Structures are given as structure tokens and as C-alpha cells.
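For reference, the chain that follows is the form predicted alone, supplied as C-alpha cells.
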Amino acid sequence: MNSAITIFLAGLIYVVLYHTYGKALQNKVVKADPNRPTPAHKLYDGVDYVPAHPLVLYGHHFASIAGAGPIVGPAVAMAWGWLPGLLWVWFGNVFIGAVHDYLALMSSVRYDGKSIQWIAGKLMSKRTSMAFELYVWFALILVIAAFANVIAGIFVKTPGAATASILFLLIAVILGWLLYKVQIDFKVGTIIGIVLLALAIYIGFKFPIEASKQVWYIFLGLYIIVASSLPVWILLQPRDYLNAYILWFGLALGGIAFLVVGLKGMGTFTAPAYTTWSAHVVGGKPSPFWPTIPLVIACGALSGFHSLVGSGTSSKQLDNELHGLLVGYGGMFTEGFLSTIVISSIAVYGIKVFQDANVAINFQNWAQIYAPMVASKIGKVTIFAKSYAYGLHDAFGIDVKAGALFASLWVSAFALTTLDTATRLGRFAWQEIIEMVKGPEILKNKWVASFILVFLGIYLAWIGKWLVIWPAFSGMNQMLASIAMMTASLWVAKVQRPAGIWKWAVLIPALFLWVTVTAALIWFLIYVGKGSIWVSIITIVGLALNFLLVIDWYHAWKKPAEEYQAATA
């Protein structure tokens, strides 16, 4: 295989499916109406409900859902060879992940921007909603701990990225003021923002800020409390929009580079296409491709975290229902394209990166040593960053060290965006929980709700205890996707009632995902989780929730559609 062919095929698949399958979902399932007022207009409050330009919201949504997942997951899955991972990214992305993200967004839009957890309660039962809300809130504490640890680590190792990131925040405030208060022309504001962004990167490299990890924890904690409580137009929207330019630039540069490398005859895949059914991947154990692949390749194909973003921040900022396809469906396709670049770059240059680290790898030992060596010696992000950098060098002559540095900055931009969006989502979940139990009003205050969440998350990062339960997170995240997809299938079948076979286009992937994730959690509990009592407990709790969901879903599915209240809009 040649890198030019995979990049071309990925682009073709995503463009064609967006304009056929995606448009059909929009017109026949969601029945998007440009004249129907969205929550951003109906409930405008200048804080969370604020209509955004479609490109700004697409940038926010894509940057928030990406994180490091579409890079790390496919990089680790190369242990099975490049072909299984590539097929799962394309298949899972088109028929499950993008459908999941788009329906989570649009169902939330039809329920006044409420979360997917709230919608599950509306369509199934209150106990489903409460269990779902608590699960999401605890999961987001863990996300904050993990991403704070990742970002603080990057800032310590690459101080220039810290300087640039802080300057990004100031530039975002300037852009937000220009766009919403001065009401400068959108294109002019964008150009000013991009120029300042480039200047910030230059200053970052010239004047790096060096500090300990603990100092960065405190900084990040204060930052995300403020960022999640301020009105979205001041910081969140413009910051994510500008960050997205870094991400888009990196995507375009990488896509073109691996096309050029392929056309030059230097893009032949040197990694094996397929190794074995059970490569050593999860916890260093022999891991069957099915059902463990959705646990490993998360964001590149599908991720439950995306449903929280779609039904959390994005649905409250959608200006027009027709923009939902670009934001929800297109955002997921962009992640799939990113994962395709990751797989292509490692397939071409992965062996070279192993050689740089003095690790002898070949077709015979690939399945056994690839994932463990990536985790312990090379680094899950580093193997991509260096492979990407070699591609830029062979395509355009860019220095390998500069290319790897840019790739690292790229990843930190993803992670920082995910961190503050996760905090805002955790605040929403906490406020919905307090509303359900009719708790004191003070606990619903946005500053109080944010502080409680961030304090717990940063504390876990500070003491390092989040690592004890992190191995269970990938399974829990995909279980969240399963719950969201089952909820979406009910919404489509009972509320939207599409003609013909379209309800099966959601129901079949939802059932496939539920069976896959349940089997994966059972496998994980038996073969991997037994080494940690906390991981085992969390996995068992997750499984219990998963079976509770399917029972409630079955009872709801049997009800006549007439019993369901129509959409509120």
C-alpha cells in the first residue's frame, strides 16, 4: 500500500458520504428546518446560549472532541497491523461515530440544549437519567485529572508551548471582543487572529516559561474554573476557533505531505498490513481485535465523550439547524481523516522511529513488542510526531526536529481545548444533578459547580491517583457512546419516526455497539482488570449500568410512539 492511495481514498470516502449519507440523515431522519429557532436564539442568555458562526462552532466542536484520542488510539492499534485499524476507522467513523455525534447534537437542539443524559431520562426513566448523570460527572473528573497531567507534562518538557498557550488565551479574548462587541467583519477578525496566533508561536519559541508541574496544575485549575464560567463568546468560542486553525493547518499539511511522499515513490507502507487476531495491546495482554478495538481506537472512529460535547456546549451555540451537519457529522469525519494520517505516517515511518530508539522490530515480533515498546520506550504521541515529521521532511524538506515540535504543539492544542470544555460539561452535569434532587440553589451557581469539579480533578492529578483507575476509562467512555446511541435510536424511532428503513440505520449500529462494548468490558474484567480492585469495581459498576440501560431501553421501545411527547421545539 502507498500513503497517497490511503489519503486519496479517505478524502473520497468522507466527501462522498458527507453529501449522500449525511445529507440523507439530515433530511430524512432529523428533518432539519432552517426556520425552526434553535436554543441559542430561544434561550439566549449571553453566557452558555449564544449563537455562533458555523465555522466558529465547527472549530470549537472539532477541537473539543479531538483531544489526543484520534492520535494515540490509532497509533497503539498498529499492533494489529495497519489494515484492521484503517478499516475500523473508516467503517466505525462513517456508520457509527458520525451518526452518534450528529444525533446527540440534534436531539439536544430539539430539547432546548439539554444533555444526552437528560434526554435518556425523558425517553426512558428517571433512574436511567440519574445514573447516567452521576456516571458522566465522575468520568469528567477523571478526564480533568488526566488532561491536566498531560498538559502540565507538555509545558514542563516544552516550555515554549506554555508561553504560546498563555498568549493564545489573551488573543482569544481580543478576538472575542472584536467580533462580538466591536462587531468587526468576520474575515478581518479571523485574519487578525491568525496573524497574532503566528506571532504567539514565535514568541513562545523565543521566550519559554519554565515552571514545575505543580505550578502548572495550579495555573490550569484556576484557568479552567474561569474559562468554564465566563460567557462562551469571551474565551471559549474565539479560543477554540483559533486553535482549530492550528489543527486544520496540521491536517492539511500532513494530508498533502503524505500525498506527495506517495507520489514521489517514498510512501510505501513498511509496517505489516496484518499481524495476528490477538496482538499484545491492552495491558500487555493478547487482545482480540473484536471486541477490544472500540476501546483502543476511540475518537478516531467513535467516542462517548463526543455526545457530551454535542449535547453540552455545541447544541447551545447552534445558530441554524442546517449547520448541525457540518458541526456534528463533519467534525467526526475530520477526526477520521486525522486518524488516517496517523495510521499512514506510522505505516510508512514507524520502523524508522523504532530504529532511532534502538528497538529491533520486524514482521515476526511486531504483534508482541509493538504496543508495549511504544508505551514504555518510544511514547504514544512521539511515534506519531516523529513519523509525521519524517513525512514533512521527505515531502517538503522541513527539518525533522521542527516538524516533531510542531506536531507536539498540535497535540497540546487539542488537549487544552478538551480540558476546558470538559470542565464546562461537568458543570452542566452537576447543575442537572442538583436540579433533579432539588438541592440548594447555591450548589447550582456556575462558579461553585466549577470549583467542586476542578478541585477534585486537579487533586487527583496532583497526587497521581487517577492512574489507578484510568485503565478502566476507555471502556467506560465507549459504554457512554453505547448509551448515547441507544438513546438516539429511541428518539429517532419514537419521536422523529422517519419513513422507510431509516430508523434501522440508527438502531442496527446502536445494538452492534452495545453488544461490542458489553463483550469488551467482560473481556477486560476477566483478563486485564483483575490486577486492580478499583478497576474491577469500576468495570462491574459500568456493566451493571449498561444492563440497567438495556432493560429500560427495551421497556421504552415497546411503548407505542403516540405515548411519547413530541419534540419541544
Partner chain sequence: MEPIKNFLKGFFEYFKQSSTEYIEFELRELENVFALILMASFIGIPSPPTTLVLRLMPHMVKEIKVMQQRAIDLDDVFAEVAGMFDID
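Please read these numbers as outputs of a predicted model, since none were measured by experiment. Residue numbers count along the first chain shown, from 1. Only the largest set of C-alpha atoms that superpose within 1.5 Å between the two forms is called the rigid core.
Absent from the display: the form predicted in complex with the partner chain. The rest refers to it.
Engineer: For this chain shown on its own, do 114, 245 and 424 all sit within 4.5 Å of the partner chain in the predicted complex, going by heavy atoms?
Structural biologist: Yes, each of 114, 245 and 424 comes within 4.5 Å of the partner chain in the predicted complex.
Engineer: If we define contact as a non-hydrogen atom of the residue within 4.5 angstroms of the partner, is residue 303 a contact of the partner chain in the predicted complex?
Structural biologist: Taking the distances in the predicted complex, the answer for residue 303 is yes, it comes within 4.5 Å of the partner chain.
Engineer: Would you classify residue 275 as touching the partner chain in the predicted complex, given a 4.5 Å non-hydrogen atom cut-off?
Structural biologist: Residue 275: no, not in contact with the partner chain in the predicted complex.
Engineer: Answer yes if any heavy atom of residue 236 is within 4.5 Å of a heavy atom of the partner chain in the predicted complex; otherwise answer no.
Structural biologist: Yes.
Engineer: Consider residue 58 of the chain shown here, and say whether it contacts the partner chain in the predicted complex, taking contact as heavy atoms within 4.5 Å.
Structural biologist: The answer is yes: residue 58 has a heavy atom within 4.5 Å of the partner chain.
Engineer: Which among 284-292, 205-213, 473-481, 363-371 is in contact with the partner chain in the predicted complex, heavy atoms within 4.5 angstroms?
Structural biologist: Only one stretch passes the 4.5 Å heavy-atom test: 473-481.
Engineer: Could you work out which of 412, 128, 418, 496 is the residue within 4.5 angstroms of the partner chain in the predicted complex, going by heavy atoms?
Structural biologist: Here the answer is residue option 418.
Engineer: Would you kindly say which of 351, 260, 251, 398 lies with a heavy atom within 4.5 Å of the partner chain in the predicted complex?
Structural biologist: Of the candidates 351, 260, 251, 398, 251 is the one lying within 4.5 Å of the partner chain in the predicted complex.
Engineer: What residues of 61-76, in sequence order, lie within 4.5 Å of the partner chain in the predicted complex by heavy atom?
Structural biologist: Contacting residues: 62, 63, 64, 65, 66, 67, 69.
Engineer: Could you check whether the CA atom of residue 180 moves 2 Å or more between the shown form and the other one, using the rigid core for the fit?
Structural biologist: Yes; residue 180 is a residue whose C-alpha shifts (by 2 Å or more) between the shown form and the other one when the cores are overlaid.
Engineer: Is residue 238 one of the residues whose Cα moves 2 Å or more between the shown form and the other one, with the core superposed?
Structural biologist: Moves: yes, 2 Å or greater.
Engineer: Just checking, between the shown form and the other one and with the core aligned, does residue 252 shift 2 Å or more at the CA?
Structural biologist: Yes, shifts by 2 Å or more.
Engineer: Assuming the CA distance changes by 3 angstroms or more, are residue 517 and residue 146 closer together or farther apart in the predicted complex compared with the shown structure?
Structural biologist: Closer: residue 517 and residue 146 approach by 3 Å or more in the predicted complex.
Engineer: Note whether the distance between the C-alpha atoms of residue 306 and residue 430 decreases (closer) or increases (farther) in the predicted complex, against the displayed form; the change is 3 Å or more.
Structural biologist: Compared with this form, residue 306 and residue 430 lie farther apart in the predicted complex.
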